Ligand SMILES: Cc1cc2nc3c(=O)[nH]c(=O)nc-3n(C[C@H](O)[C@H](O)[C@H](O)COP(=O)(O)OP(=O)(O)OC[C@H]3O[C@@H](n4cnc5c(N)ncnc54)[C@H](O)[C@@H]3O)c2cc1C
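Next up is one chain by itself, shown in structure tokens, the form predicted on its own.
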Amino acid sequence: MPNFWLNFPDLITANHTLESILMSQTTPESAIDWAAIAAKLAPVAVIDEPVLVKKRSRDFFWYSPILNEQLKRCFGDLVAQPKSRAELAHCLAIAYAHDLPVVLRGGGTGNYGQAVPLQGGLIIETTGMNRILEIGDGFVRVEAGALMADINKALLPHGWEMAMFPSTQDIATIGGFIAGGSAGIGSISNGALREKGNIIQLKALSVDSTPKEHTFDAEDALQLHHAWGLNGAITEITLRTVPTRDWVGCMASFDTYHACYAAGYALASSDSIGRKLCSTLDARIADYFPRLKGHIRPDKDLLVALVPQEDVAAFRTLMHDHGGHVDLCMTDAQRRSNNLPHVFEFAYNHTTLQVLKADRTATYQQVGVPDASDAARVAAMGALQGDDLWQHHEFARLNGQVVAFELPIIWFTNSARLREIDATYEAGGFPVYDAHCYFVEGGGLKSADYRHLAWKKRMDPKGLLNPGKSRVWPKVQNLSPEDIEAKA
């Protein structure tokens, strides 16, 4: 998800080559006896079957035709599957001893190639480290490989739920979300991950001859959050939880996108209606949701929301006041009986996936909205872009304020047209957060985070973790952590 509140640098162009990065840092493959490495990793389970290694070398970078072309031939050499902290530490010690590039992998749901090994090497799959360690009053403590759907399922009997989670919760791990995500379902009420109190504590292993586990509390946890696994191997996470509510999946349809977006902002800003999700989608996108046929009006712009049962009547009134028609309000039991997915599968980048299932020529972009309250300006920008861009907005909170960001469907023809769309947004005051860049400083952080890089020096002195994903690291890797941090 886009960190739309951070500074935006120059766009990373599509013709930026991998070759210089690969040539500068890769250990020659001929120097590594991978069968011997596999033996040294014992008793940790490994995968060396080439087809399976290639499968685990991919994430959702294929959402971008640019990244797909750049990354589709990048594969690891061996997969390790630790099931405990001790086994993970053993893997990292072997990597350190043999100078092996290492990529940590959860469910592989990232969109920028975060889990793709640019330089081959060892892939460490963390999904076996999946224990839920403790559920307390307003918090949950888990291992990094736990699936978020499993965490929510475990929390429910205790009256709690995660403060936020991505639409891919069924296959995404919490460690991957912390390392690569920023917002999700629940962020309209509870803010982004980096908001104070959402991440309570992280623990992570260094890459040393004897890996050490470091603890990062509260604000210090941001030193590892959204760093793509560049600066430590996350082992354990303690997160804020919130009281669960009887959520109802709701959809309302509108005759214009202007009205749809305005209703979305009104819901996102409401002081009287609870909400865990608020998304708006162009009618043409809704046509790609075949399972909703018969449940929503055709050819109408669509608002998707999660509201508590006690606020459904107020939601209906708000939608009608904004010229909308409430098509669907279903409890979870009703949804299952109608064989429908969760409504959040029609939000965030699940929306992009729904379209891509039918047509792989689609892609998307990430765009900030300068004034979330200005529906007219938002709708006008959509009209200005042309018919090859279909609008889709998500609402969230940042520092207590309602913000919006756009994840539009773009029908890709070539890079020049994509960059023309980017330039039109920028000229209109809508910052673009490039979804077609594999550098953490590009589609991720937007600019160098020297605090992250200082901790990379401390935690990963040889630069073995996810090499090639930082444009800035090669320029600072020979400096001390203090000198790197001084650049912040």
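For clarity, every value in this text was computed on a predicted model and none was experimentally measured. Counting begins at 1, following the sequence as shown.
The next section is about a form of this same protein that is not shown, the form predicted together with this ligand.
Colleague: Which of these stretches, 213 to 221, 345 to 353, 310 to 318, 150 to 158, has heavy atoms within 4.5 Å of this ligand in the predicted complex?
Modeller: Flagged stretch: 345 to 353.
Colleague: Is there any non-hydrogen atom of residue 76 lying within 4.5 Å of this ligand in the predicted complex?
Modeller: Judged by the heavy-atom cut-off of 4.5 Å, residue 76 is well away from this ligand in the predicted complex.
Colleague: Find out whether any non-hydrogen atom of residue 105 is located within 4.5 angstroms of this ligand in the predicted complex, and reply yes or no.
Modeller: Residue 105: yes, in contact with this ligand in the predicted complex.
Colleague: Is residue 261 close to this ligand in the predicted complex, meaning a heavy atom pair under 4.5 Å apart or at it?
Modeller: Result no; residue 261 lies far from this ligand in the predicted complex.
Colleague: Decide whether residue 303 counts as a contact residue for this ligand in the predicted complex under a heavy atom distance cut-off of 4.5 Å.
Modeller: Flag for residue 303 set to no.
Colleague: Go through 455, 433, 425, 60 and name the one with a heavy atom inside 4.5 Å of this ligand in the predicted complex.
Modeller: The residue from 455, 433, 425, 60 that makes the contact is 60.
Colleague: Identify which of 238, 119, 168, 391 has a heavy atom within 4.5 Å of this ligand in the predicted complex; exactly one of them does.
Modeller: Selected residue: 168.
Colleague: Going by heavy atoms, what in 168 to 203 lies within 4.5 angstroms of this ligand in the predicted complex?
Modeller: Residues within 4.5 Å: 168, 172, 173, 175, 176, 177, 179, 180, 181, 182, 183, 184.
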